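A single chain, nothing else alongside it, follows as structure tokens in the form predicted alone.
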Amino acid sequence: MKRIGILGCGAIGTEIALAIDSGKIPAKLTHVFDYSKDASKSLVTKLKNKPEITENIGLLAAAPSDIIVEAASQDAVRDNALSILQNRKDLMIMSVGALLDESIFDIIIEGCKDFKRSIYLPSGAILGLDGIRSVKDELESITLVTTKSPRSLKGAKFFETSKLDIENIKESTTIFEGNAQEAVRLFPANINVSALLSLAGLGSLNTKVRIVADPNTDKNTHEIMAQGKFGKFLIKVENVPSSSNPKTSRLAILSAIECLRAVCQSDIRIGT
């Protein structure tokens, strides 16, 4: 049975911990860490089988576990991914936007090779990544349109320099158009799906992203349009936001649970 450590005890980390505790993921949760000790303590109180709360990320990386699940932030990935790999741990990354920094990506890839470890990237709040990967060599264009309520987008770095008042948007409004690299920098907690599309397909500079704020929606909607020599496909996903964090889609949490379950269990694997 694999031993799991969790970095980040928010909505995603808590749900993964509960899935392990219930037996849905056949593993043992051994250690957790969050920059907020209150968040760590809150998570542990919800569990029948109590993991150890570590005092810092270094102790989490060095603890006797097999896989660390990052559910904290892009900064947590940038600052700690290599250390986790060096400590001979596999790593599941939720804050995938960090990997669009080429220097970070290269360091992590080399770390995987040097220390013979694996990185896992769940599909998150979108569908179709197996299709994107399959047609990668014939892909000519890919666009992601993400629509969320202003409440879900509030607090993004984008608004630090934008004159747009997110509180006073009254109708569906496009607030950003650019590439995936720009999108994950300006909306680090909202648009990790664009990073996944980039890594599966044409790269961050060639993946087009449009972000729409719609005060009349209660869903997080992602529309993917891909075209190339293979033909084309359109995928639309309407996600219910997590009840504990509107920035996170419920599907992203379920995807993380299923990814970890597959890693921890030897059985039939469905899909590419």
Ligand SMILES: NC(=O)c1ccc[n+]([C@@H]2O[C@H](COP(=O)([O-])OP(=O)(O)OC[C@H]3O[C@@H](n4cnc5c(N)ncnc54)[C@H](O)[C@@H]3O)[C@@H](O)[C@H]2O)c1
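Everything numeric in this text was worked out from a predicted model, so none of it was measured. One rule holds for the numbers: they count along the sequence shown, beginning at 1.
Unshown form predicted together with the ligand; subsequent notes refer to it.
Taking the partner from the other structure, the ligand in the predicted bound form has a heavy atom within 4.5 Å of a heavy atom of Ser73. Within this chain, Ile25 is remote from the site of the ligand in the predicted bound form, having no heavy atom within 4.5 Å. At least one heavy atom of Leu7 is located within 4.5 Å of the ligand in the predicted bound form. Although the partner is absent here, Tyr35 lies within 4.5 Å of the ligand in the predicted bound form, judged by heavy atoms.
Shown alone, this chain has one stretch from 199 to 207, 228 to 236, 36 to 44, 61 to 69 that lies within 4.5 Å of the ligand in the predicted bound form by heavy atoms: 36 to 44. Only one of Ile257, Val263, Ala11, Leu18 lies close to the ligand in the predicted bound form, with a heavy atom inside 4.5 Å, and it is Ala11. Though the ligand is absent from this view, in the predicted bound form it lies within 4.5 Å of a heavy atom of just one residue from Gly178, Gly128, Gly111, Pro188, which is Pro188. Annotation for 229 to 254: interface residues with the ligand in the predicted bound form are Asn245, Thr248, Ala252 [heavy atom within 4.5 Å].
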